[in-house]
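Take a look at this single chain in structure tokens; it is the form predicted alone.
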């Protein structure tokens, strides 16, 4: 039987950068194959080559034993290839249903009319997949989670031989991830091969049959998922040991290509990368709650009975909260329950219809959609940093911007956040998604002296970068005499539980505090899915 997908000696360059260097990759029919690597390792480039979006500079791509050739996206789709992109390929003005129909030939008759019964088939498929898709809402008014659901539904509507998923779980709650993986197993049992590009190693090991690791554009290893641990994969990804106790990532090379090192332990969720202020992680991997700091009762932000009922599908309903200096307030929730609106209010980007809002003069904001809200892709890294610091006297010479100082800060950001770029003069648009996220996160740390609002701050980051960013956020909230308050909004319960001093859950526009005794995945997950606690306190 021919393989579902095969790449042989594939090389792809972007100017002086070699994104893929003579990479071999094979996907069998009915297999879920995890594709792992650091940010910028070449994972998305490999998927885009397989989908016909990018043509390789050398090497060959075969779908079901047939050469892809120069057919491009159309040729790949004709051979049964479908891709869910990390940066969504949706039409903002179209509704969810219109976006699904636009990319599915079965939605149309030969005369270009809508196919009878297609709407019902879409609704039935969404129910089968367990996806709550807002079919009648324009995509431009949706949050990242809602757009992700549209992308997944769009990809799984037609007959698929190869399904490429680029970070599909990055913004999904744990229960939604379990549901998605159940669907993927069904799709695989029907004979489709699935490539799962991801950074969460425990998820990949739970879902995949085999795994492949890329490092800096080169193939490193391929093996059975049952025969490798998360730590071994992490070491293969970074080419060094992953140390959660105090050394960050260091040590020697984790064996040559095709080998897997020893260890067998799970990758710790946080590490001591930023010194003593980072949260301490116990032997079982559970974060030990930090001791309250003096002055934690000083409020840096307050909302009272805030209601937003216009301009979008998800309202806020009488939300009251305060953020204290030196604390991390974690807000969990299934996407589409008002988190995006709440973040916009806290960041000063949205005025409520009623209620009281008190915010500091400047707020650091890591938005959930880095490509639309976080960066100007045509600007360089330095120019994007200038967007955050231009009002500071430290970066001005009279009425003019001091570009030398901006450049020094941008260079420090590139170094400290481990951004894979030639220099601060690199345009943001040419960076990988994870490296873009590092730029946004590092930039917003610069202006979070009183308050940082972080929406899914580790979305799309590899294991090493995730450890570093979480540790930096923890240290930020405990730095200096007047540390900022942090609002962490995330569907990642590990992230919420690891970092938060207090936790609340968003359910249908209401903010519900979670008692300390319920700070565990089961109790929070039940609230997120409205199994309990779905009324405002």
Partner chain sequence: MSTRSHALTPALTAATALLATLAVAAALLALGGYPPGDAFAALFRGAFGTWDRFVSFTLVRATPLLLTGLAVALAFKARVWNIGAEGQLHAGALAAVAVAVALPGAPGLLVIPAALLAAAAAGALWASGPAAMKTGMGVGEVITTLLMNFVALFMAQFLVQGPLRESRGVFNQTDEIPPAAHLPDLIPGTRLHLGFLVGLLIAVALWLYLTRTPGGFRLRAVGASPRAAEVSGRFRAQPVVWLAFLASGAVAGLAGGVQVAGVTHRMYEGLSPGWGYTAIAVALLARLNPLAVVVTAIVFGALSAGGGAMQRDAGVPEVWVRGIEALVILAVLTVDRSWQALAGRGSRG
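Positions refer to the first chain, counted from 1. Just so it is clear, the model here is predicted, and its values are computed rather than measured.
Beyond the structure shown, there is the form predicted in complex with the partner chain, which is absent from this document and is the topic of what follows.
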Is it true that 139, 161 and 196 each have at least one non-hydrogen atom within 4.5 Å of the partner chain in the model of the complex?
no
Taking the partner as it appears in the model of the complex, which of 141-149, 318-326, 394-402, 226-234 has residues with heavy atoms within 4.5 Å of the partner chain?
394-402
Just one of 132, 209, 408, 373 has a heavy atom within 4.5 angstroms of the partner chain in the model of the complex, so which one?
373
May I ask you to choose, among 420, 185, 216, 350, the residue with a heavy atom within 4.5 Å of the partner chain in the model of the complex?
420
Quick check on residue 205: any heavy atom within 4.5 Å of the partner chain in the model of the complex?
no
Does residue 189 reach the partner chain in the model of the complex, with heavy atoms at most 4.5 Å apart?
no
Look up in the model of the complex whether residue 178 has a non-hydrogen atom within 4.5 angstroms of the partner chain, and give yes or no.
no
Residue contact check: residue 426 to the partner chain in the model of the complex, 4.5 Å heavy atom
yes
If you look in the model of the complex, which residues in 363-380 sit within 4.5 Å of the partner chain (heavy atoms)?
363, 364, 365, 367, 372, 373, 374, 375, 376, 378, 379
